[in-house]
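Two forms, one protein chain; structure tokens for each follow separately as structure 1 and structure 2.
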Structure 1
């Protein structure tokens, strides 16, 4: 049984205009699946649909075998699905500590214990606890966003381009952190533009083109595979 799965998901922003056109994928516990594809392919839309932020027209989202398609977005973290969106993924007007404590209380956890546990996992954040999240650097902000999504010990974690806009040092840091999260047995769905780095980290890769899954294979062997640039071509210049 996979920890997180999408089954023939059709989703979009307006009725009758699907962006994701029947996509299926699955992630097992302790596995990282990279979700790749050209700009505008619908990667973020699929992730948002699985998080409950974009309506699913048909198909299903499964979390540890149970259908959560109809579960409201605000209950999914508690149910075990964390999501770190691509942009604006922390509350800039709240302190680091408030960002964490809010999610903890809303999930019904003891906010002090949950916060301290995350500070243990991300020591940098402990140092910045009283800072407004809007003042964090890009890398620190990603750490906080991931910590918020991990608070409730989710079975699955989705991240939308966590390395976007980060300097190479921070990218390495974020990816090393994801490897640690994987070791805790969490299923990770990683949307990435940085194809090479994602394939090196991930166990499997799913390539989405125009809302449909075109490839679902072990990640490592895809490094240097000529099919990848072919799939990305037409939508994006490939270096």
Structure 2
């Protein structure tokens, strides 16, 4: 059974104008699936629909086998679905420690115990505990955002463009962090524009074009596959 799945999801921001047009994918526990595609393909829209932030016109979103399509976004977190948006994913005016403690309080957890658990998992955050989140580097901020999401011990975690705006060094750090999260058994859906880095990290890749899934295959073999540039550039696929 998949930890997280979309089944023929049709979704968009306006009624009758779907951006995602019947997309299906699944992520198992301890697996990273990279959701790739050209700009405007619907990748972020699909992730937001699975998180409950974009209306789903038809189809279903499943979490550990249970249909959560009609579950409000804030309750999906309680059921075990974490989501890290591309922007505004931490409170910039709060310290690292305060960000973690606030997230723990909202999840009904012991603030100190939850904070110390994340400091153990992300030692760099412990070193930065008293620093305001707004003063963190891009990579450090992504680390904090992921730690906040992991406090609730989600079965599945979705990230929207975590490498956006980061230097190659910080991209490597963020992706190494996600590899550690995978080892903890969390299912990860990674929406990403950095195709090479995503394929090197992920177990599988799903390529979305014009709101539909065009490829769903093991990730590594797709490195250098001529079908990828054809799909990204809108050309016809090679046979």
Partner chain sequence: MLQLVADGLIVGSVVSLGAVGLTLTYSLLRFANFGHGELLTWGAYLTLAFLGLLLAGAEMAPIGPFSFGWPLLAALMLALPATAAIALAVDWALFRRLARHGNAITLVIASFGAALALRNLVQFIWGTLPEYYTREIQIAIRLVPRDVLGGLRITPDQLLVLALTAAVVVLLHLFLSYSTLGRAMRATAMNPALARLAGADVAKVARATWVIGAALACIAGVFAGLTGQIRPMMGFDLLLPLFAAAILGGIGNVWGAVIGGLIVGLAESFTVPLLGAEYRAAGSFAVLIAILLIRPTGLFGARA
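Residue numbers count along the first chain shown, from 1. Values in this document were obtained by computation on a predicted structure and should not be read as measured data. Here, rigid core means the biggest group of C-alpha atoms that superpose within 1.5 Å across both forms.
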Where is the form predicted in complex with its partner chain shown, in structure 1 or in structure 2?
1
Quick one: core overlaid, is residue 131 moving 2 Å or more at the Cα between structure 1 and structure 2?
yes
When the rigid core is used for the superposition, does residue 94 move between structure 1 and structure 2 (threshold: C-alpha shift of 2 Å or more)?
yes
